[in-house]
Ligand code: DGJ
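Take a look at this one chain, the form predicted on its own, written out in structure tokens.
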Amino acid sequence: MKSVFLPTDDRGLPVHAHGGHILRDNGFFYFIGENRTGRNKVSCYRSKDLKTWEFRGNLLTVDSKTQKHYFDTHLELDIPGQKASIGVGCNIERPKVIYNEKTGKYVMWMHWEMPNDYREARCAVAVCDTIDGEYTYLGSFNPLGYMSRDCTLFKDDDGTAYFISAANNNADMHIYRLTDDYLAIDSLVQILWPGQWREAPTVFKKDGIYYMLTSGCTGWAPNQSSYAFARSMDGEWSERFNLGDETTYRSQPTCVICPENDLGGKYYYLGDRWGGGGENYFKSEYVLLPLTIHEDGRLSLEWVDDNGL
């Protein structure tokens, strides 16, 4: 399989799941991410082999059902009178979904902004009974009063979940522990790399070591990504080490696919190769490369034309 791709789904339409992630559930790989076509915001596709994709539905649109869950939240999805630079309504970016065994709910966290500027810097939450159903939107807010932009979710082995997001105009990276139902912030447990301007976080764990990938802040243009590691999410993190080449092979990290039996025990890096703003956004491709974890715990990402899948 080619390492750079923009697949079409079973309808013959491009797979729009940008800034998203691929997770394993019910025997399928589910690809959930941004879809700014029409009045859509977040879409879902599934596959058995990461090559052929079945469209499962638009999980979140500007017309989604809303339900106020918090005291100080905003329920806007459609913003009449304001034109978005891409799509319709508010900007929804980097949606991520995890499953809560205690509640039986799938929970989505994401980045929320007004259509024509990025001054609000809020996170937002939605919930559903199934991974690929129509999610109920619970609103947007600033976590503990902080700015929140590029973000991701991480669920630990014991079920503890974390929301990680760029704060302070992207200068800092915050790690928040979520409440047991994953619907709210429990506490801020870590502020990483203050003043180092990181975004596009993604977190995974192997052999008791937590890894976080991030990119620099250069808008649509790619840059040198890096990674750091720790023995606990709220413990001491290492310095950052470069990952890939000076443009991360013209991509920005969005998730790491952890191995299943049908991946041959390999880890895979998934990145967005952004087309740019306006209509070029819809030409954005995906980069899928093997991620090597060495015996000393270091990571390496090498370019291959074919990723072996």
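Computed from a prediction, not measured in an experiment: that's the story for all the values here. Numbering starts at 1 and runs along the sequence shown.
The same protein also exists as the form predicted in complex with the named molecule; that form is not shown, yet it is the one meant from here on.
Segments offered: 203-211, 90-98, 127-135, 186-194. Contacting the named molecule in the model of the complex at heavy atom distances within 4.5 Å is 90-98. At the 4.5 Å threshold, heavy atoms of residue 219 reach the named molecule in the model of the complex.
In the model of the complex, the named molecule sits within 4.5 Å of a heavy atom of residue 252. Shown alone here, residue 274 lies within 4.5 Å of the named molecule in the model of the complex, counting heavy atoms only. Although the partner is absent here, residue 76 sits far enough away that none of its heavy atoms falls within 4.5 Å of the named molecule in the model of the complex. Counting a residue when any of its non-hydrogen atoms is within 4.5 Å of the named molecule in the model of the complex, the one hit in 150-168 is 150.
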